[in-house]
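Given as structure tokens, the chain that follows is alone and in the form predicted alone.
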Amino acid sequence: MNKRVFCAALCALTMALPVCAATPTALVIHGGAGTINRDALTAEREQAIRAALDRALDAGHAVLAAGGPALDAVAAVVVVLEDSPYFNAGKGAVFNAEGVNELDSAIMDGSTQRAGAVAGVHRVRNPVLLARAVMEQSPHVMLVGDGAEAFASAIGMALVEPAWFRTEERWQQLQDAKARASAQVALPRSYYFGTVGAVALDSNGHIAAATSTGGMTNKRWGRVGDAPIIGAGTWADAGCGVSATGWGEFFIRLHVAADICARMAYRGDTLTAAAESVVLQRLPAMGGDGGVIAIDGQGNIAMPFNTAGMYRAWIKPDGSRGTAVYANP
């Protein structure tokens, strides 16, 4: 067979082979649920928050559009949100009862079921990056407090001064919480909320999720919520990913994030049915408030919440995108 005939035959064979198309990508992010009061949220502040969500969405979408992994995309999103003063994570996190910012985060790779988490850190600028380092550079899943920061130093991650996280708004929120506690006046339910997170589906069909938070205003005794607990506030597997936001104690008790994905895997529920059943029925039945963002293996997105609002943004597989605060965007 001469060279020309061989090349023609090879081309014909190649054309006959099926082509594996890349999975359409999808991304959904949140900046917390339950913290939103229509009377207090001015038009200027809402515009600034939506702009911050858009910047985070752009950061994650840039990774996915370049063929990057979902894990990189969710980390990129959360870093932007942790660096924004508008959300309860990283810079802008709430203060605990001792006047300290106490930060928690988790990340999970659905394709491998690897996960990493940190809790109660005070000097890590981007806790989501330390959570990822725990997953990739240690034999553990969760590190806490001083030990987590010692690990950060050991791997060469620079620590910041605690003042980096302070905002005057959060400081005044703590003073108000202390005054209410002294007067035995119940805290507004919004003081129990505030988280950021992202879930992504990449072109290889892999899902990842990440969540980060400053926790609860005026919290004591090293309290840790659901965000860094794998299965409660953060979960990803081969067919589903979830990041939660709300009153963490209830999300922990109901194992909310993993429960949503389990309903899909074991009962055949759709993503929307599973997420809405847990968030709109199970959670409020126990007295819990909050919401979730979720993606399945086809790029379907769910964003149910049972509070006044939830900061959220998304890019669907067809390229359409949006941001929203209340039930009606």
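All residue numbers refer to positions in the sequence shown, first residue = 1. A quick note: this is a predicted structure, and the numbers were derived from the prediction, not measured.
Below, we turn to the form predicted in complex with a further copy of the same chain, even though it does not appear here.
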Looking at Ala262, Ala65, Ala59, Met303, which has any heavy atom no more than 4.5 Å from a further copy of the same chain in the model of the complex?
Ala262
With the partner omitted here, the residue among Ala177, Val79, Ile230, Val124 that in the model of the complex has a heavy atom within 4.5 Å of a further copy of the same chain is Ile230
Only one of 165-173, 82-90, 248-256, 198-206 has heavy atoms within 4.5 Å of a further copy of the same chain in the model of the complex; I'd like to know which.
248-256
Could you tell me if Arg282 has a non-hydrogen atom within 4.5 Å of a further copy of the same chain in the model of the complex?
yes
Any chance Phe193 has a heavy atom within 4.5 Å of a further copy of the same chain in the model of the complex?
no
Gly99, heavy atom within 4.5 angstroms of a further copy of the same chain in the model of the complex:
no
Answer with yes or no whether Pro139 is in contact with a further copy of the same chain in the model of the complex, where contact means some heavy atom within 4.5 Å.
yes
Contact check, 158-172 vs a further copy of the same chain in the model of the complex, heavy atom within 4.5 Å, ordered by sequence, gives none
